[in-house]
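To begin, one chain is listed below as C-alpha cells, in the form predicted alone.
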Amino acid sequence: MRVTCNRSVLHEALQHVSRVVAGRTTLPILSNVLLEAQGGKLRIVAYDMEIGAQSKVPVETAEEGALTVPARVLGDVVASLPDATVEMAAEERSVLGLSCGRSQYTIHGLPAEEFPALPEVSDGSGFEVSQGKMRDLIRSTIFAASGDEARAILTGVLLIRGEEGVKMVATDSYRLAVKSAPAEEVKETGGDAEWRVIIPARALQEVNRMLAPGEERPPVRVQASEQQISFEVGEYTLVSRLIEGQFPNYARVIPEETDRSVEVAREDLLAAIKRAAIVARAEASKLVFRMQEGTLTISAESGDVGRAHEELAATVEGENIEIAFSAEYLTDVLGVMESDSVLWQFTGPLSSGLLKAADDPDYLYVVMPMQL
C-alpha cells in the first residue's frame, strides 16, 4: 500500500472511526484500525465485535494494499501534524511508514488478514431520512435509556418503522421519551414496510456524532436485518449489533386522559429547575411543584443546605396540584426541547406527568413522580 492524501481529511475520518475502537480487549487486533487502499479510496475501519465504523477518504494511490495499525497512535500522530499532504506506505512486517513535510514516522501494526470483517447489512429493510430529522430522533430519546447493563433491553432505543413514519422510544422505567418522524419525511428504500428493532444507545451516540444537519447534506440511509443495523451518511458508515428481546409495552404508560395542565415558558422553567436543584442535590434532586391559578411554584429543601423557592408565571387549568419530580429527569428533556413553551399535564399527585413541547406534536415525555 502506498497512498497520498490531505491531512485534515484523514484526521476527520480517523476521529469518526476511532471512537468505536475497543478500549480493553484480549484481542490486540481490535485496538487497531484497518487501512485499505483500493479504487482511489482509503477505507478506514474500526470494529469491537459489537459496533463497527468505516470512513472512506479520497487518496492518490500508487499501490493498493492493506494493513492495521494501533488506532490511538495513528490518531495522535495525524492530529499533531501540520496541514499538508500526508504520504503513507506499508513496509515489511506490517509496518506503516508515514511522512508529512519534514516529519517521518514508522508505526508497527498487524496484518490486515487478522482483522475481523465488518458485517454487511445489504438484504435488510431500510429507509432514508434527513440528517436533521435523525438528529432530532436521537437527541430527543437517547437520554431516557437506562445505563443499567443488568436490564439490557432498556439500555437500547426502540426504532419503529411503520406506515405513519419512523418512531424512536427510550425508557429506564422511571421516564419515557417518544419522538416521531412523519411519513412524508421518510423515504422507503426497500424491504418490509413495518418492522422494529432495539439499537444500543452507545451506537446511536456515535451516529449522532456523524451528523451535520443542513439542507444540502446527504440523507441518512438506514438498513436493518435480524441481527444488525447500519447507518450510512455520505462516506461514513456505522454498523451495530441489535439488542435481542421484547421491548416493554410503552404505550400503556402514556396517560390517555388528563384533567390538569400547566403551560410555561421552557427556558424559564429550565433555568428555575437548575437553580433549585442546587439545594435539592442532597435530597435525591427532589423538587416540589405547586400549580395554582397563574403561578407555578418550585421548591426544594435540605437540612444541610437550606431552602429554594422559585415562582414562574404560567397558564394553569384544572384543580390545584402539588407533586414532586427529580430535577435531573426534567432538565434532561427540557434541555433537548427547542420550543418556546411546554405543556405539562397531570391526573393527580401520584400519577405520571406528561410533558410536551407546545409546538411539536411529534414528541412526548412521561415521567414518574417522587413521594412528597
Partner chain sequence: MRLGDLIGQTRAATALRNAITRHRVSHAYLFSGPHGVGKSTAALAFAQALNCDRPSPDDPAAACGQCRSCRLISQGTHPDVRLISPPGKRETSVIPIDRIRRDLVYDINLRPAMGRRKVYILDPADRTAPFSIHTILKALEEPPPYAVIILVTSRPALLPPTIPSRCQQVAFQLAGIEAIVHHLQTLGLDAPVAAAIAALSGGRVAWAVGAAHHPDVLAVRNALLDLCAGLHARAASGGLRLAEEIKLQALALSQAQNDGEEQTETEDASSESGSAPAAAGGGRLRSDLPWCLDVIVSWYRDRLAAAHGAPLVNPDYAEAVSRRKSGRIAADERAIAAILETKHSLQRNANVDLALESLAIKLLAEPATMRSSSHSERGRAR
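What you see is a predicted model, and the numbers here were worked out from it, not measured in a lab. Rigid core here is just the name for the largest C-alpha set that superposes within 1.5 Å across the two forms. Numbering follows the first chain given and starts at 1.
FYI, the form predicted together with its partner chain isn't displayed, but the following is about it.
Counting any non-hydrogen atom inside 4.5 Å, which residue from G162, G132, P119, G191 sits next to its partner chain in the predicted bound form?
Comparing distances to its partner chain in the predicted bound form, the residue within 4.5 Å is P119.
Among L242, A181, V288, L81, which has at least one heavy atom within 4.5 Å of its partner chain in the predicted bound form?
The residue from L242, A181, V288, L81 that makes the contact is L242.
Using a 4.5 angstroms cut-off on non-hydrogen atoms, would Q227 count as touching its partner chain in the predicted bound form?
Q227: yes, in contact with its partner chain in the predicted bound form.
A62: heavy atom within 4.5 Å of its partner chain in the predicted bound form?
The answer is no: A62 has no heavy atom within 4.5 Å of its partner chain.
With a cut-off of 4.5 Å between heavy atoms, is G126 one of the residues that contacts its partner chain in the predicted bound form?
Output for G126 is no: heavy atoms all beyond 4.5 Å of its partner chain.
Is E50 close enough to its partner chain in the predicted bound form to count, meaning some heavy atom within 4.5 Å?
Contact check for E50: yes, within 4.5 Å of its partner chain in the predicted bound form.
Decide yes or no: are E256, D268 and A271 jointly within 4.5 Å of its partner chain in the predicted bound form, with each residue judged by its heavy atoms?
Negative, none of the three is within 4.5 Å.
Among 298 to 306, 108 to 116, 88 to 96, 272 to 280, which stretch has residues with heavy atoms no more than 4.5 Å from its partner chain in the predicted bound form?
It is the stretch 108 to 116.
Within 4.5 Å of its partner chain in the predicted bound form, which residues of 178 to 197 have a heavy atom? Give them in sequence order, or say none.
Nothing in this stretch is in contact.
Verify the C-alpha shift of E36 between the shown form and the other one: is it 2 Å or more after superposing the core?
Yes, because once the rigid core is superposed, the C-alpha of E36 moves 2 Å or more between the shown form and the other one.
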